[in-house]
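Single chain ahead, by itself, as C-alpha cells, in the form predicted alone.
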C-alpha cells in the first residue's frame, strides 16, 4: 500500500483545497484510524481525540440525522453515548440541518441552501469540531470546506469507513467505541487539566 506524505492539517488551505484522497490518503482498514493523514492503531486515535477535545478552548459536536432521529433500533442508545462523551470533554452541540431529501415535493426556496460550515465555525469561534452521525456525502463536502477556510481541527466519528478530509477519523463507530473514548477522556481529565483557556462563546447553540 502506498504511504502518502500529505498531512491533513487545519487550514486555512485556500478556496480549493485538494481532496485528501487525491493526495494519496487512504481510508483505514478495520481496527485502524487516521490521524492527520497517517494510518494508526485505533487506540492511538482514541488518545489523540481525547487530548484534542480536552485541550480545546471551544469544542463543539455536530450531530447529524443518523443520531438526531430514532430512525431504527439502537440510535437512541448511540445518541446517549454521544451525550456522555460530550459531557466528559465539556463540549457543546450544534445540530446539523435536516439535509435529508424531501422527495417527491420540495420547496426550492427552503431546500436549496448552500453548505457553508465555515460560517458556523467562524461565528462560534470553534477550534475543535466533531462530526458524528453525519451522512458521508454531506460530511465529505463540509470537512473539505472547513479545512479550506478555517483553522478548526476536525474529528469525524464515522459509522462507516471514515473520512480522509478530517484531521482525525475513526471508522465503524458504535456505542462500544464511544464508551471507550469517553472512558479515556474521563481518565485524562482526572489526571489534570489540558484546557488552557475557555473561548468566549458567541451565537446560539443547543
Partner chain sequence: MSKGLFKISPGFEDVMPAEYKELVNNGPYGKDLGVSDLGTFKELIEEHPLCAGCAEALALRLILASLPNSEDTVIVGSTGCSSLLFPQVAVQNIHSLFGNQNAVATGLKRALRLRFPDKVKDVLVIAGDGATVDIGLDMVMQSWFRRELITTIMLDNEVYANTGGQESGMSPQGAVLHMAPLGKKFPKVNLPEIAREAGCAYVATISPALPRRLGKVVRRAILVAREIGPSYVQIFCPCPTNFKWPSAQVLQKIRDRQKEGIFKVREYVSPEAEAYLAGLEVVKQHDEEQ
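Being a predicted model, the structure only gives us computed values, none of them experimental. Positions refer to the first chain, counted from 1.
The form predicted together with the partner chain exists for this protein as well; it is not shown, and the discussion that follows is about that form.
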| property | result |
| --- | --- |
| Listed residue that, although the partner chain is not shown, lies within 4.5 Å of it in the predicted bound form (heavy atoms), from 102, 87, 123, 116 | 102 |
| Exercise: residue 60 in contact with the partner chain in the predicted bound form, heavy atom 4.5 Å | no |
| 4.5 angstroms heavy atom contact with the partner chain in the predicted bound form for residue 54 | no |
| Touches the partner chain in the predicted bound form: residue 128 (any heavy atom, 4.5 Å) | no |
| Proximity of residue 83 to the partner chain in the predicted bound form, heavy atoms at 4.5 Å | yes |
| Heavy atom contacts to the partner chain in the predicted bound form at 4.5 Å, residues of 131-160 in sequence order | none |
